[in-house]
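First comes one chain, alone, set out as structure tokens in the form predicted alone.
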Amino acid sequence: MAVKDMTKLTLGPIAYHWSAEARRDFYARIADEAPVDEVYLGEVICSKRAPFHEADLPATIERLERAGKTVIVSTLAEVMLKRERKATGDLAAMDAPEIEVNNAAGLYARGRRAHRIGPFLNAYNEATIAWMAGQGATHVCLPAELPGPAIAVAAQAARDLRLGVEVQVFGRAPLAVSARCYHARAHGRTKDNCQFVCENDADGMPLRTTDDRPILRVNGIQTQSECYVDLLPETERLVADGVTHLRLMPQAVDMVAVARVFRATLDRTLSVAEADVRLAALCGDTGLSNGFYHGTAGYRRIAMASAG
């Protein structure tokens, strides 16, 4: 039996301020060509970006569902303003599609109605996952910095409660969100008068050390890793440990090709070694990392650690 028979491949929500046209083109191609089972939509990082693309949401959902994809709508990771509380409440009131909650405000608004837990809520241990299940959670995406043994324990706890368990296996790690917008500040602007400068960085704004080494990416109020997380070599171990969903985060690379590499690995039609070579080629100069999984600094690359 192929691994794909037990595991779903998912596409997380776009974290960046891509134009409405770029988003439409992206999701049209995902619908038509990408071998993913589930797609997360919605603005997660900055509520000011939402009006640029939220009008396209119904058509995007319809097209993806027509292509056989399950659609989930994600809430904001940070809720501070009245309009953000209202937007979160409006999403929480929906009966369909499914909702992924990324903030405690979303948990409050959703009540005990069924929902998914996103990676911005800290589902680090069995007790937290059990509490979330008691509040109506049906699925949990574990935080990106969890090491492998902790993922195994959390996945077992979630599966015992009949929850789906998701882990990000590709894309920049979401490290933090802040009340301040460093993206705007770096260009001499304020958060309230940012003039949407983040739209100039489709894959995040590079942040370098004083000795000119790349270290992080800034995406509005969010801080991300510089490297793309790549847990392709660890996929088989994750599945064996009870992970049911593998998440790819959209980056400014050919995401259809990325999805095909992961799907071929799940189907066992492509060796892990060859798949990782192809993935590295797709990512160009961006490094790949799996340090968090192996309990070390997140930016590190532990080569083919679990290939056996």
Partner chain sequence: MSLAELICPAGTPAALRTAVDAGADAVYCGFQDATNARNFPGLNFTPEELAASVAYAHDKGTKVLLALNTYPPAGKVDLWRQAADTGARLGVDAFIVADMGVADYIARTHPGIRLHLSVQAAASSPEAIRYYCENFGVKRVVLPRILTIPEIRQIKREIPCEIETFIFGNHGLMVEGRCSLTNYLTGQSTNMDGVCSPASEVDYARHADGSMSSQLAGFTIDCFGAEEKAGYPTICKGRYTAPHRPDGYYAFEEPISLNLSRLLPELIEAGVHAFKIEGRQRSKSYVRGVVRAFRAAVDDIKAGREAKIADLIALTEGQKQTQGAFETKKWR
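Given the structure is predicted, the values throughout are model-derived calculations rather than measurements. Positions refer to the first chain, counted from 1.
The next section is about a form of this same protein that is not shown, the form predicted together with its partner chain.
Trainee: Partner absent here, but in the predicted complex, which of 67 to 75, 226 to 234, 92 to 100, 163 to 171 has residues with a heavy atom within 4.5 Å of its partner chain?
Mentor: Partner-contacting stretch among the options: 226 to 234.
Trainee: Would you say all of 52, 54 and 60 touch its partner chain in the predicted complex, counting a heavy atom within 4.5 Å as a touch?
Mentor: No: no residue has a heavy atom within 4.5 Å of the partner.
Trainee: Do residue 141 and its partner chain come within 4.5 Å of each other in the predicted complex, heavy atoms counted?
Mentor: The answer is no: residue 141 has no heavy atom within 4.5 Å of its partner chain.
Trainee: According to a 4.5 angstroms non-hydrogen atom cut-off, is residue 199 in contact with its partner chain in the predicted complex?
Mentor: Flag for residue 199 set to no.
Trainee: Any of the heavy atoms of residue 137 lying within 4.5 Å of its partner chain in the predicted complex?
Mentor: No.
Trainee: Determine whether any heavy atom of residue 296 comes within 4.5 Å of a heavy atom of its partner chain in the predicted complex, and answer yes or no.
Mentor: Yes, residue 296 lies within 4.5 Å of its partner chain in the predicted complex.
Trainee: Can you tell me which bits of 206 to 237 touch its partner chain in the predicted complex, meaning any heavy atom within 4.5 Å?
Mentor: In sequence order, 206, 207, 208, 209, 210, 211, 213, 214, 215, 216, 218, 223, 225, 226, 227 come within 4.5 Å of the partner.
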